[in-house]
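Single chain ahead, by itself, as structure tokens, in the form predicted alone.
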């Protein structure tokens, strides 16, 4: 009975998410403003990054303070390749390259990190994240240091000889980003609703019990870590394509804190809540910064209030409203 109810909820959630995707497909034809279209594209990219952290924190129970570093690795890999190797490189070359470099570095860090747990794991993420950030900042001859790499060529989106568009076009960038992130979301959703996702949740709830029943905790933690970092690397590649520039601020400690804030705002363990959290943070930042230069103070207060009164995140709001409507109908 419980399984049938769970399957019904999953199907309902899938239908709602498909409708949201359809709305996002139609959104550019409603907005008609390139600035806001770029803003929504940025929200989708940061939503993917926050979702990657949700895989790690919400499902596996592992906290990464510097998760944005892996977005930076993907972003800088593409930026350096386009700057020094082949400015006219195809998107089908730079895209897998950015992911591959992220995966290699994430595996090196993850192999050591999963041998710890809890606070020690979180501290190691800081250590590796700061190491990557310092390398990017100090390698001035390659990365231009704190100035970053600017004016990067934006690749064409092509299928064989057919060119569908260029990432310099806001509409092309939006639809390409949306397509990639949609695939990432539904694949990750499927993974998290599989036995693999159930094992990750069991590790989150009780690591010792999971180990006692024969689960190789280290291997599963490493696989969860690798999935999260791969998604972060994809978000970094998309960021470079959209912005045409990268800088060390993309992967510093503040960036790591912002991603964590987005994940907590949206609601952990939901995947789609990460996109709500990213949208809330970026829109609040854009709205408040237009009114005052001290926007960080007011943004911090807004986030504190949301966290206090909605501890399960903004993703919990539709659930609360649905429960309230159900109670009102039953009272009638």
Partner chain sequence: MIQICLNCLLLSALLLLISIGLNIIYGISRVVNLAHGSLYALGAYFGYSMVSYGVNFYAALLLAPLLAGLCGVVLERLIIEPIRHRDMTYTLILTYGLSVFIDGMFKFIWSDKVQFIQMPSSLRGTLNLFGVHYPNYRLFVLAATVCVILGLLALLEKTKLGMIMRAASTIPEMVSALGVNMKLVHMGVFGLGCVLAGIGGVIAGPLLSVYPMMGSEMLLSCFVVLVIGGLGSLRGAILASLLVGTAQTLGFVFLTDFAMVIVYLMMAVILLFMPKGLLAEGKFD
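Positions refer to the first chain, counted from 1. Small disclaimer: the values here were computed from a predicted structure and weren't measured.
Separately, the form predicted in complex with the partner chain exists; it is not shown, and the next lines address it.
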Heavy atom within 4.5 Å of the partner chain in the model of the complex: which of 93, 222, 100, 127? 127
Per contact check vs the partner chain in the model of the complex (non-hydrogen atom within 4.5 angstroms), the hit among 228-236, 108-116, 156-164, 85-93 is 108-116
Should residue 264 be classed as touching the partner chain in the model of the complex when contacts are defined as heavy atoms within 4.5 Å? yes
is_contact(residue 45, the partner chain) in the model of the complex, heavy atom dist at most 4.5 Å: no
Should residue 120 be classed as touching the partner chain in the model of the complex when contacts are defined as heavy atoms within 4.5 Å? yes
Using the partner position in the model of the complex, report whether residue 135 sits within 4.5 Å of the partner chain, counting heavy atoms only. yes
Output the sequence-ordered list of residues from 237-276 with at least one heavy atom within 4.5 Å of the partner chain in the model of the complex. 254, 257, 258, 260, 261, 264, 268
